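Next up: a single chain in structure tokens, the form predicted alone.
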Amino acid sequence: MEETITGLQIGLDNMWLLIAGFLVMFMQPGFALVEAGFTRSKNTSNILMKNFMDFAIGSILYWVIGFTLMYGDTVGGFIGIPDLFFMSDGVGENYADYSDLFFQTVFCATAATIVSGAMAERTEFKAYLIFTIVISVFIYPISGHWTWGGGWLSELGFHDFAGSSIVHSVGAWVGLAGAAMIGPRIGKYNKKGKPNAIPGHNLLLGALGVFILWFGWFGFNPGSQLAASGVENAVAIGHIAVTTNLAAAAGAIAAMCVSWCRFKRPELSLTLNGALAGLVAITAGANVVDPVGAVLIGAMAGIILPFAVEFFDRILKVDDPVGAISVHGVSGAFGTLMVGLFSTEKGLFYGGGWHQLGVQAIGVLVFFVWAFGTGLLLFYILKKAKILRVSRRVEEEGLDIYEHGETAYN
């Protein structure tokens, strides 16, 4: 009887992990639709192709080496010992090893695809493929090992439940390095340096993409509980689903209100990104904050978002067509810090003192230095090799025809 119960528990936990992984994989078309909708129609095939191939390439390479670099036996708390071509029909404490590989693969693909939006409409396709290789086998697995792989940050007590920093900020800071290195799109800034609006071609696609991402996030966050059997896990999954949903809703409402006050109209694009900002921000602490904390974190992320977009656009003059750096980088860092304030276990507002906030700040800083630094080096090399940016003619007429020989709209 005990053996039968154990088998049922493992089967339930394993099935939950796979279902959550399927939901996270469905976030890939969500990202593709958001990026395609927020950019111009002449580059739609290029956007879709990049989102399609970063998942395909990332899946192969993360299996070949990335997974064991992230979860292998640690070397000084910095990197896992690699084991090429991960093969294991074994079962861990709660689920099959292959189920774990699949679930972690879709997270790796999420980090890679964030960069696509920040560098959209002017990046050579082959340069993006090279980047996908580097982030899948080097940038993401190593930084992931520091936390989820049992590395040095986890030993400090750093808490990032489902990846506000590990996944989202890492992808965004690499995207920031790429967008800064490649420069703005033609026509983005006038002679006085003021930004010109370059509207996306289809907000219907963008809105549908955000709804898909919101839905997929119920795999991203609740799935990170990694188990569904037993009362404790059942309660945790429900709790995480509620905090995730409330933060997204609060982020959307707050961003809408800010846009309404600042621009005298409730802008759809900012509202959509506000929902994503709330989702990214709550991802770090979804399991340790209560519903009130989730609403506050999501609302503050939604308020910060429009100002972050303006900061990168007007002050730093970094051209980010879809707002990926603000949504995933700024909101991810913000949400990671908020664990130190709103965690009901160790947060400052709940009597936990300053220690957790300090540890969270160290993590935020380290991930920025690592991701931005490695990204800057990578894109500098690609720029020197003259394969980073398309020619002026290709950019003006659209990447679809010149890079892929076909358009999304015929």
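Residue numbers here begin at 1 and follow the sequence given. Just so we're clear, the structure is a prediction, and the values are computed from it rather than from any experiment.
The same protein has a further form, the form predicted together with another copy of the chain, not shown here; the description that follows concerns it.
J.: Is L48 a contact residue for another copy of the chain in the model of the complex, using a 4.5 Å heavy atom cut-off?
T.: Contact with another copy of the chain, yes.
J.: V292 versus another copy of the chain, in the model of the complex: is there a non-hydrogen atom within 4.5 Å?
T.: V292: yes, in contact with another copy of the chain in the model of the complex.
J.: Is A36 close to another copy of the chain in the model of the complex, meaning a heavy atom pair under 4.5 Å apart or at it?
T.: Yes, A36 sits close enough to another copy of the chain in the model of the complex that at least one of its heavy atoms falls within 4.5 Å.
J.: Although the partner isn't part of this model, could you tell me whether Q28 comes within 4.5 Å of another copy of the chain in the model of the complex, counting any heavy atom of the residue?
T.: Answer yes; at least one heavy atom of Q28 falls within 4.5 Å of another copy of the chain in the model of the complex.
J.: Name the residue from I304, A180, A333, A250 that puts a heavy atom within 4.5 Å of another copy of the chain in the model of the complex.
T.: Answer to the contact question: A250.
J.: What is the one choice in I81, L316, L129, C261 with a heavy atom within 4.5 Å of another copy of the chain in the model of the complex?
T.: Answer to the contact question: L129.
J.: Sort through 149-157, 70-78, 171-179, 120-128 and report the only stretch with a non-hydrogen atom within 4.5 Å of another copy of the chain in the model of the complex.
T.: Within 4.5 Å of the partner lies stretch 120-128.
J.: Heavy atom within 4.5 Å of another copy of the chain in the model of the complex: which residues of 206-227 meet that condition, in order?
T.: If the 4.5 Å heavy-atom criterion is applied to another copy of the chain in the model of the complex, 206-227 yields A207, L208, V210, F211, I212, W214, F215, F218, P222.
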